[in-house]
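Coming up is one lone chain in structure tokens, specifically the form predicted on its own.
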């Protein structure tokens, strides 16, 4: 796990925003240095190159998720469905609060060229699948979850639904029913709507209860 200092985190934050706004190739190290109020030599010292800086953005965001899922799996006080609900809320909050990162991640997943960042994405997804699977299989063995659950499709449903709502939120925002909500209130409304939808869906799939 990487342990970044405050200056590195500041550079990573600026790089993440610029990569999302201008694209990786449209952003220069000079752009990042100017926005972060550091010199180019400092970026080179800390990260080595722009490619390595992009990797650092991904490692920083992914490490927190890895720690959370590990702690969730090892928690013996929560029921299996509670763990699934906690996972849902965690990733709703994460993805809605890290929209610049989600924008970069979407681009990199579609990148047909081999890259360390794309490898990191698939490594994390593979890890999360490996961690989520025992939550389901242990509950199946205990007779709590149904035996016909497709864990891979559950994960695809979780991330795909949240991912698609990010661009769709701008369309939803134009609905006059939400005109009285400020941006923070609308974000909270969207979070709760997503959470309720996914929890009902996952409960139905996992337990066949509605």
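Numbering follows the first chain given and starts at 1. This one's a predicted model, so the numbers in the text were calculated from it and none came from an experiment. Basically, rigid core = biggest C-alpha set you can superpose within 1.5 Å across the two forms.
The discussion below concerns the form predicted in complex with the DNA, not included here.
Participant: Between the DNA and 7, 29 and 42, in the predicted complex, does every residue show a non-hydrogen atom at 4.5 Å or closer?
Facilitator: Yes, the whole trio is in contact, each within 4.5 Å by some heavy atom.
Participant: Using a 4.5 Å heavy atom cut-off, which residue among 163, 50, 60, 173 comes into contact with the DNA in the predicted complex?
Facilitator: For this set of options, the contacting one is 50.
Participant: Tell me, please, which stretch of 178-186, 146-154, 165-173, 29-37 lies within 4.5 angstroms of the DNA in the predicted complex when heavy atoms are compared?
Facilitator: Result for this chain: 29-37.
Participant: Closest heavy atom of residue 159 to the DNA in the predicted complex, within 4.5 Å or not?
Facilitator: Heavy-atom contact with the DNA at 4.5 Å: absent for residue 159.
Participant: Would you say whether residue 28 is displaced between this form and the one not shown, judging by a C-alpha shift of 2 Å or more on the superposed rigid core?
Facilitator: Shift of 2 Å or more: yes.
Participant: C-alpha of residue 185: shift of 2 angstroms or more between this form and the one not shown, rigid core aligned?
Facilitator: No: residue 185 shifts by under 2 Å between this form and the one not shown.
Participant: Answer yes if the CA of residue 164 moves 2 Å or more between this form and the one not shown after aligning the rigid core, and no otherwise.
Facilitator: Shift of 2 Å or more: no.
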